[in-house]
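Have a look below at one chain only, the form predicted alone, in structure tokens format.
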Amino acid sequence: MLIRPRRTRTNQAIRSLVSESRVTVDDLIQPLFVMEGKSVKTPIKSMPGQYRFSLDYLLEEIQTLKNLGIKAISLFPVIDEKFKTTDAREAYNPNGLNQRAVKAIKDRFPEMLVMTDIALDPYNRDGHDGLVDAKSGKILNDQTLEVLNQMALVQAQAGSDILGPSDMMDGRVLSLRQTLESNSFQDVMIMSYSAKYASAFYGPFREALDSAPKSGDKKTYQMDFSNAREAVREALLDQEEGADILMVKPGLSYLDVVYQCKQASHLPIAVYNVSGEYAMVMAAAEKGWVDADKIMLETLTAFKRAGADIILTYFAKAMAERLHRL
């Protein structure tokens, strides 16, 4: 035999030399949950190793992440039930938990990239990403955009570097971009959840935020998981409307969509390694059935191999620790 592919697998040095896809700390964004209170660090039962932090402990956690080389975090606020209303007005409260947290983070860590979520489910009494018509139960698209614009403005004023519209309302990227431009926030980025599927993988996240819909589901605005061409259409629409980065969510079951979006657009492609994907690995690891560290590396590498430039993952800290040890 003249051709022996195994020659390039002989030892670790050779395998490293010809490696096609590698994950670095620069690829990672760590999602974090912030809650009211002081000196509070509450474990999220369905997400072993993840916590809801009061602001003081959140800042300590970000210091740890910074020391590991992580340069970006995505912030999700745990909103008290008493602030949840049918008009989701707490979403654009300048003194709300999310905005106070962003200001505190940027004051202490001005170089840390802070991404904030644009959707109404943490603030909406109905648990939906958009406003709900009281009579029909329909999710109101255009009326929701007005609230999202106000939400984006207070987040930009607080110091958010990246807005992450995860609501899946039609036209929201253009609406947000126009709001930012008209208020002199032209440098604030939009990482659009372009292909966000109506997925069963979000359960642990909704537990963490207590944001599950009170009735119905999200299938009229989040995507049908059987569709891929539609995802490319959504991504290209967001590109035309002014998004800076396009995201596919969830990750593992949608690697084909990541690849197709990468081929269709020259914008950076992000992928969200979501809570259910993380929880399955950690649960199996607790049983001793899998090695969480090895599964983590294989999973994150798969995202890179599929074409992702950016990975939002609850494994970010653990992966950074792994890279730090090498």
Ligand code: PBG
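A residue's number is simply how far along the shown sequence it sits, counting from 1. None of these values were measured; they are calculated from a predicted model.
One more form of this protein should be noted, the form predicted in complex with this ligand, which is absent from this view; the next part is about it.
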- prompt: Given that the partner is absent here, does residue 218 sit within 4.5 Å of this ligand in the predicted bound form, heavy atoms only?
  reply: yes
This ligand contact at residue 314 in the predicted bound form, heavy atom, 4.5 Å:
yes
Margin query: Whether residue 239 contacts this ligand in the predicted bound form should be assessed with a 4.5 Å heavy atom distance threshold; does it?
Written below: no
Look up in the predicted bound form whether residue 92 has a non-hydrogen atom within 4.5 angstroms of this ligand, and give yes or no.
-> no
Here the chain appears without its partner; judged in the predicted bound form, the stretch of 177 to 185, 119 to 127, 99 to 107, 152 to 160 with heavy atoms within 4.5 Å of this ligand is 119 to 127
If we test each of 274, 269, 300, 28 for a heavy atom within 4.5 Å of this ligand in the predicted bound form, the one that passes is 274
With the partner omitted here, the residue among 71, 233, 206, 138 that in the predicted bound form has a heavy atom within 4.5 Å of this ligand is 206
Checked 189 to 217 against this ligand in the predicted bound form; residues with a heavy atom within 4.5 Å, sequence order, are 193, 196, 201, 202, 205, 206
